[in-house]
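Single chain ahead, by itself, as structure tokens, in the form predicted on its own.
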Amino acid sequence: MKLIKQWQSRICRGLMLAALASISPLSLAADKVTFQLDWLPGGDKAPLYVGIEQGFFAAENLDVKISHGRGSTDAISKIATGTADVGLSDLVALLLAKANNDVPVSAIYSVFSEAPHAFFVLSDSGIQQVKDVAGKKIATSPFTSSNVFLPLLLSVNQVPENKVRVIKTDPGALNPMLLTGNADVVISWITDTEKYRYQAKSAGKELTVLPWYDAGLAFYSTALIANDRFLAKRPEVAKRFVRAYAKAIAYTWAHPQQSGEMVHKIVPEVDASAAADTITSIKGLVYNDASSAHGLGQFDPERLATTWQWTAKAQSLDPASFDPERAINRQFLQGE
């Protein structure tokens, strides 16, 4: 009887060990992460969808839910209140939010190390550089962060503000205004290049894009940002998210066509070809001299300081009133 009980005990222990051995990290419930976009889905947001479709997030045992946004301020607000854990935002918008309200949000990964702000003009307009916009009508969205830097851009290029007429309108009306002659110049992001060019081609016209980073304004732009409480309470989840996102970035720009198809698969209203064209057209925002010198995702202290100095000047703030390092959390970057 004693021998039987010993065998039963051994069998039970064996079964328990076998059951435990069969449980891998991926078979456990995945950690849920809510991701807040700073705008609508598109090719510029491709890494997020690539991370889902290619299984980069799943491999890190993450279940990512996506929420659409209406600008960087909206994204920062939702992440600050805990509605979302991680998201995208213009770094400039975060620096101002931290400087003015000390929001509990930090940037954890640089996505665009060049800013996407640009002028769009008709190729036959005679406007070839920023100084040529003097005396012209410039259309812009009321909500774009580009408006913050327009006066600074004009100043750097010696164009008096009173020499341009700025018209604010709905984002969807910008390119039509340019194509119909109701505006000479449109302010938009390089991420809109392919969409605008397609519309222009349909109207029998051709566009020229003038990036502001070629006109004296070079600084950080879009970044991954996260709720500070989320970072403090779930640091390993944050590290795994950044690791997966970095893999998705590498895949996206190595395989733009496939990545465009992945965006379309998850968001059918986004055309796969248009998304792929956008991915190709904005590669320079991700891969450039700054990212080559300091590494993808990294925030170089000197470039960060320059970003804040431009921001402070554009907002008539004292640059010494805020340390931009307070907006950055580097502990989730690879190699940190």
Partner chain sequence: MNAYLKMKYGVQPLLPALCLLTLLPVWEVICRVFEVPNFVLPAPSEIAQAFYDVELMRWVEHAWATLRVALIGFALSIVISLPLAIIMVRSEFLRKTLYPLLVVVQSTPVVAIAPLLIVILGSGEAPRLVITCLITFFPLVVAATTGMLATPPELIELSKSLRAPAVKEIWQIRLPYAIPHIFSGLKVAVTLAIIGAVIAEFVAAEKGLGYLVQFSTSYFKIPQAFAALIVLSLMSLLLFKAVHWIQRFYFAWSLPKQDK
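Residue numbers count along the first chain shown, from 1. Fair warning: this is a prediction, and the values are worked out from it, not measured in the lab.
The following text describes the form predicted together with the partner chain, which does not appear among the structures shown.
Although the partner is absent here, Lys195 is a contact residue: one of its heavy atoms lies within 4.5 angstroms of the partner chain in the model of the complex. Using a 4.5 angstroms limit between non-hydrogen atoms, Ala203 touches the partner chain in the model of the complex.
Contact annotation: Pro268 falls within 4.5 Å of the partner chain in the model of the complex, judged by heavy atom distances. Contact annotation for Ala134: none of its heavy atoms lies within 4.5 Å of the partner chain in the model of the complex. The partner is not drawn, yet in the model of the complex one stretch among 33-41, 51-59, 284-292, 301-309 has residues with heavy atoms inside 4.5 Å of the partner chain: 33-41.
In the model of the complex, every residue of the candidate spot (Ile66, Gly172 and Asn175) has a heavy atom lying within 4.5 Å of the partner chain. With the partner omitted from this view, the residue of Arg234, Arg243, Lys78, His255 that lies near the partner chain in the model of the complex is Lys78 [heavy atom within 4.5 Å]. Of the residues Thr83, Thr208, Ser125, Asn157, just one reaches the partner chain in the model of the complex with a heavy atom at 4.5 Å or closer; this is Thr83.
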